[in-house]
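A single chain comes next, written as structure tokens; it is the form predicted alone.
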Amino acid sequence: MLRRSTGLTLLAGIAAAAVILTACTSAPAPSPTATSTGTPDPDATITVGLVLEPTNLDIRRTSGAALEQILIDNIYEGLVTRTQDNEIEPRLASDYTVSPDGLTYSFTLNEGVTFHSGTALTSADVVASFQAVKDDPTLQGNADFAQVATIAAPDAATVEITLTEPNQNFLFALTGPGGLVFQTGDTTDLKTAENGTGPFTLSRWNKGSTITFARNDTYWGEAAGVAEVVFEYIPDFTAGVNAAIDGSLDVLTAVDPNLAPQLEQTGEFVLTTGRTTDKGTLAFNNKKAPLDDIRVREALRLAIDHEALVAAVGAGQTMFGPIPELDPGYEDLSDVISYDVEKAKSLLKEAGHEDLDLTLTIPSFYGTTVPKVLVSDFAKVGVNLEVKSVEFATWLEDVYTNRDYDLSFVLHVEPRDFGNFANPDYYFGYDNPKVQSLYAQALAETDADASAALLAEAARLVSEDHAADWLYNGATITALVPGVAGFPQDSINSRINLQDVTVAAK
């Protein structure tokens, strides 16, 4: 998950999701969210345990999963949003059309939408919000608006956006922070307060402890199912489980797979396993010897027992290419690579590296499970792996900015981020003109299926070039008390839409 305008925008999210999701096994099919056994209580409060607290609430200027997770769809809304399956659907827009040439997007606004301040939403607010993103490189989503030519409001209920060239990802980009709509001329201090259009309002923020939302009783759409949501921030996984068991929480997200049995054994929780676009990525520095040799990169991938690694981590599934199952262009690429120690040794010998010393640079919050597996697996093929555990700020400086590394490990959690492999300036240092051409074609392709096919072709090339290794596609475990219904289970590392959540009356 990294981006800066296609890079650093989500760097803080890496930290967020990294802490949120440290583990991943062959993920079972998603189980249904807990079903209420009683009548929903409209006056209920639901307490949700999360891991990483935001540093401030200004989602326009601050990146990271910690903000998107709670604010998008709950406090702030865009013209469109996305489902847990990463499908795009209308939100503030009642409907939209895209011209056959893929250049013009026309949106019709829902009627009766108001900001939390009481001011009615008009197309002028949308135009001002989007124009700001286009013009201000410090705003989240600025790079996604690079191909926007004009943003216009033909009338109070219509917005038209014209691109300079087709971009298959543009509508999806509008589901992120750059596509959120803010009140024109609003003077609210968005670092500590809010003025959105969503089904909840910010009630209070006890920094270092909790953030509380209250139902917006003047919401333009269907009212939220609970009167209040309390997000309780518990960065320690064991403490989170203890809080759930002692009755302090109704929902605990990001359950450590190794601690999940403690919750199951109580018989008081329903545990769900959700899908994500989290990619546990073992980055190779493609521009630095000996990783600039494809034989070395392939050997390292062959040396990894991915099934065993996933089992050690605890929740998720193997993946063998850069596109996860929830994203367009996904293809099972397990035919590209396998676990083959002898072949790995042979390739290293051929490359002149029978005895090889490499360093793995990893942010310290990821723990030791992945490094231990890699050290053990690489040792079997004659590779001595030194693990360099660093603070995240150091990782950003050394790895992401200065490219001073051999191998690195982070969770890339953002959906549809394949473009990182089409960017030779990204910290992977991977430069394949054919991949870059296919990616450009995929973006310019107006037919979604044809675009996905081009992405799949490009992703296969990336995997065949062994540009990196994808250790696992993460899963997330959520524990709920009986009576909670409608709580999302997929993709909740990036957002938790709480509008339809209910709690049964006691």
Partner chain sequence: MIRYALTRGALLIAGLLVASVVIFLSLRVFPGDVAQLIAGSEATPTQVQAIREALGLERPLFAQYGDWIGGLFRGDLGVSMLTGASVGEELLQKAQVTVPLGLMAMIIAFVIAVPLGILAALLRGRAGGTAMNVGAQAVAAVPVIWAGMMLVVVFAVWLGWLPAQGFPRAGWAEPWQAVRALLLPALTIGIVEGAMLMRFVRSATLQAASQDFVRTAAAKGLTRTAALVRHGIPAVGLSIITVLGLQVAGIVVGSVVIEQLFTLPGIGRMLVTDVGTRDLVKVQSELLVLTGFVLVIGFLVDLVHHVIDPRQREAA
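Since this is a predicted model, take the numbers as computed values, not measurements. Residue numbers count along the first chain shown, from 1.
The discussion below concerns the form predicted in complex with the partner chain, not included here.
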Problem set entry | Asn167 within 4.5 Å of the partner chain in the predicted complex, heavy atoms | no
Problem set entry | Contact label in the predicted complex: Asn206 to the partner chain, heavy atom within 4.5 Å | yes
Exercise. Would Lys191 show up as a contact with the partner chain in the predicted complex if we use heavy atoms at 4.5 Å?
Worked result: yes
Exercise. Is Pro90 one of the residues lying within 4.5 Å of the partner chain in the predicted complex, judged by heavy atom distances?
Worked result: no
Exercise. Thinking of the partner chain in the predicted complex, which stretch from 437-445, 59-67, 475-483, 452-460 has heavy atoms inside 4.5 Å of it?
Worked result: 59-67
Seminar exercise, completed: With the partner omitted here, the residue among Thr273, Asn86, Thr281, Asn420 that in the predicted complex has a heavy atom within 4.5 Å of the partner chain is Asn420
Exercise. Among Glu391, Glu222, Asp135, Asp155, which has at least one heavy atom within 4.5 Å of the partner chain in the predicted complex?
Worked result: Glu391
Exercise. Which residues in 233-266 have a heavy atom within 4.5 Å of the partner chain in the predicted complex?
Worked result: Tyr233, Ile234, Pro235, Ala239, Asn242, Ala243, Ile245, Asp246, Ser248
